[in-house]
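Encoded as structure tokens, the following chain is the form predicted on its own, with no partner shown.
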Amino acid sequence: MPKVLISDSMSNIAQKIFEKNNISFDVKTGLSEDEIIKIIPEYDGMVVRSATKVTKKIIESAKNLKVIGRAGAGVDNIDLATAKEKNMLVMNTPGGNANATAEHAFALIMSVLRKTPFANETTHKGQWEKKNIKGTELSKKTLGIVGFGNVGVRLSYLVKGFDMKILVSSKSLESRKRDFPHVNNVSFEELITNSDVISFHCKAAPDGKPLITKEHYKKMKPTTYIINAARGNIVDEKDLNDALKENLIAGAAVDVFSKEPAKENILFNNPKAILTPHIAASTTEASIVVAEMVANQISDFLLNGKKINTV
């Protein structure tokens, strides 16, 4: 009987699927790298979300591990190179939390444009800052979407009712642009120059360098807002902080950070930045979908050799 380790918290639908398929499993969350190394030789499969870092040492210790499943889209917490060396399959669940992430990005856009967190905080304190809070409307503005996968596509539909012009910077869009007549595919330079809101929904660069730096901010409108619900190292946080302080842009909303958990960060206490703790994909609905997807995929592979959503 195959055996699977579930090392991060997720919907118990994954456990039910493994039970239904007669696959043995253990749920052991919050383990350190050393603790995982001690037990990983027992398992044929491993299921993670974002908390567990599947390091080179863990993979090299996993003598029987055949597949690692990520309940989510990003796999930057898994050492893909070492997994490939050891002929271990890595799967993810693309699209499973796309709507949740797009909705959070949209919520961040509206929050930063209307200064909602500040309005909420001060009103709770009885300060009534009405005269000091003037928002910006989203309608008829230009939205720039960097990356046009499942999340970027979904966001483009969420804002359709706002009569926006939508610019996209995506290499993959060119071959499928007839499916998305409501967006315009442009260069990265054109997007950052002309957008009122720039939202990142792309992968990080292979070398880990940020896609946007101080020089880019100088080309933007001073009324531009930056939204990042993709990956923390896409946006250089020091450069973003400087751009906000120097009024090169109007504001930013960030859900992901270069180092997580973000216990310290240069953006902390910047009044022009709205920060959330990597919760874009954290909805009740999305947690069920990704757990169901990854459990079914791992079951199909361990029982039938079927490969779905491999990375």
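Values in this document were obtained by computation on a predicted structure and should not be read as measured data. Quick note: we count residues from 1 along the sequence shown, nothing fancier.
The form predicted in complex with D-malate exists for this protein as well; it is not shown, and the discussion that follows is about that form.
A heavy atom within 4.5 Å of D-malate in the predicted complex is found for exactly one of H278, K66, K57, K28: H278. A heavy atom within 4.5 Å of D-malate in the predicted complex is found for one listed residue only; from I192, A83, A73, L211, this is A73. Partner proximity in the predicted complex, defined as non-hydrogen atoms within 4.5 angstroms of D-malate, places exactly one of 266 to 274, 45 to 53, 31 to 39, 238 to 246 at the interface: 45 to 53. Contact check for R231: a heavy atom falls within 4.5 Å of D-malate in the predicted complex. In the predicted complex, D-malate lies farther than 4.5 Å from every heavy atom of S199. In the predicted complex, D-malate lies within 4.5 angstroms of a heavy atom of only one residue of 85 to 113, namely N97.
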